[in-house]
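Before any questions on binding or motion, here is one chain by itself as structure tokens, the form predicted alone.
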């Protein structure tokens, strides 16, 4: 039996600022929803952490979001989605819906990229998990996925944003031969939409750049609509942000996306 109702908040978590891109897209689609966001800035980036460590962080955060009475928990991080989705789903049980950022992208590729050559960039954790390739291969519709780990990008974006410092890193990563002759490129890290324009410019806008933010937000909306859980009565939606370690970049980006009225609270995971 479902233990949640339409007026409960949506919980979102990521290792840092990356998931803010998804949260922002979600708020645009579902403006009356209350949002609770956890940025695990103390352990950022997840991409170079072990599977066991990411699972431990994810369960701890899911526990917090359940305490906050969330109806849906979105793992807005590819590394955590790859390493911990099944475990979090088992832990949460029937107390909330659990979604990840990988499956909506798989569905997009299935519907629009049959027999295409698709590149993918993400953290080492995401790429080494092979999760995208495994799911795509099961579709058996001719999509060829070529993955390349771009492990330092998330940390650099967290530190420098869309600064020109990122350009040399992109040059190093995107010149890799495996990323030649693509029809599309999946940004398999929620930090990467911050530099989407730089990536598009590198390819002279000749390939499609697949930003997961909108795709994931639409999938969340569809799931809530299917279960009659969309909050349509809320006249003053709230946005509450937790971080495991305060960082200037998180505060600045949260305010940039959501305005100065945000509530930012320090919540150490293991104190």
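Residue numbers count along the first chain shown, from 1. All values reported here derive from a predicted model rather than from experimental measurement.
One more form of this protein, predicted in complex with D-glutamic acid (DGL), exists but is not displayed; see below.
Contact with D-glutamic acid (DGL), judged by heavy atoms within 4.5 Å in the predicted complex, is confined among 141-149, 167-175, 89-97, 74-82 to 74-82.
Mapping the unseen interface onto this chain, residue 189 counts among the residues with a heavy atom inside 4.5 Å of D-glutamic acid (DGL) in the predicted complex. Using a 4.5 Å cutoff between non-hydrogen atoms, residue 45 counts as a contact of D-glutamic acid (DGL) in the predicted complex. Residue contact with D-glutamic acid (DGL) in the predicted complex: residue 120 places no heavy atom within 4.5 Å of it. Taking D-glutamic acid (DGL) as positioned in the predicted complex, the residues of 10-30 that bring a heavy atom within 4.5 Å of it are, in sequence order, 14, 15, 18.
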